[in-house]
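Listed next as structure tokens is one chain, alone, in the form predicted on its own.
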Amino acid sequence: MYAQFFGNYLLSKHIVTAEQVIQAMEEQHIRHLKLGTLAIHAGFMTLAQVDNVLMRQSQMQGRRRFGEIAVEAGYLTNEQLEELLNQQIPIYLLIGERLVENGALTETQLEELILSYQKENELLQLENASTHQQNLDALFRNLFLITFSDIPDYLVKYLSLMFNNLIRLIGEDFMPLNPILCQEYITNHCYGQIINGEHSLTSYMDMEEDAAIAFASRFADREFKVCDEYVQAAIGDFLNIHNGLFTVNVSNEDSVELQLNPTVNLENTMLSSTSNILHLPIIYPFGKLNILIKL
């Protein structure tokens, strides 16, 4: 996940363009050494077992990670999975390599930027589950430092889960731009949903037509041509799945009960609030996804 934040960090330094970062992320996504390849090379799994896991993963539309399925099937132990994950090069380093290959950065610039990125974000080197979450929290807080002097913990959890769900269900080739606060926003193709309870918020996902078609196509794992009711339903389903997972996580971790309202289509609608609306733009190769949160 750090690649998404690293791209934003590079933009903040005015060294590369958004287009260069997105191109590097697309190339990395194609060339990244897969976990199954590492498992075969280490002698932990056979080719047939890897193919079986990939088939199961495709049936789940990529909604579960390769390692989770392999452990569940008995092909890998948790210890073997952790060993393989430790062998994988952090994705943000691979993004940097692609930028050097494409002439956007020099090797010296990349080395200096990686060191400053790790230092400024206080990233821990060991990436087990605990330190991964600590790193992720630090990255989110730094991303929102300009907008919030003190971002609420539950909002960090909400957005952290959103990024994970985008990676799992849509693709990891995206990059957040700096968040902004607004009191009015005119939607294009938008779905919204209210979460009631101690951590009340209303979240929205808004896209222009072409981006909405591409987003829905990735989510549903089928190609849509026009922005019809199937595309609208797919966007609404993604938001509902994400918010449902958030309410379950909050209930399990914090013993806080939240209730979900049905998703609502808000096409060409003026969103307004007497307080601020958080607007987080996210760039994919197919267009911009706008996440809006009214606290």
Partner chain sequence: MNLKDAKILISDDSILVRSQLKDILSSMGVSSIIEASNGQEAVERYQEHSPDIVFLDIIMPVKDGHAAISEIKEINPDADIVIVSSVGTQSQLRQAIQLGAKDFIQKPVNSWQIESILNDRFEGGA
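Small disclaimer: the values here were computed from a predicted structure and weren't measured. Positions refer to the first chain, counted from 1.
Although it is not shown, the form predicted together with the partner chain is what the next lines describe.
Contact with the partner chain in the predicted bound form, judged as any non-hydrogen atom within 4.5 angstroms, is confined among 212-220, 177-185, 197-205, 112-120 to 212-220. Every residue in the set 224, 229 and 247 has a non-hydrogen atom no more than 4.5 Å from the partner chain in the predicted bound form. Proximity of residue 240 to the partner chain in the predicted bound form: non-hydrogen atoms within 4.5 Å are present. The partner chain in the predicted bound form is approached by residue 234, whose closest heavy atom lies within 4.5 angstroms of it.
Contact check for residue 262: a non-hydrogen atom falls within 4.5 Å of the partner chain in the predicted bound form. Interface membership of residue 251, defined by any non-hydrogen atom within 4.5 Å of the partner chain in the predicted bound form, is confirmed.
Listed residues 94, 161, 85, 169 were compared with the partner chain in the predicted bound form; 169 is the one with a heavy atom within 4.5 Å.
Checked against the partner chain in the predicted bound form, the candidates 68, 257, 26, 267 yield a single residue with a heavy atom inside 4.5 Å, and that residue is 257.
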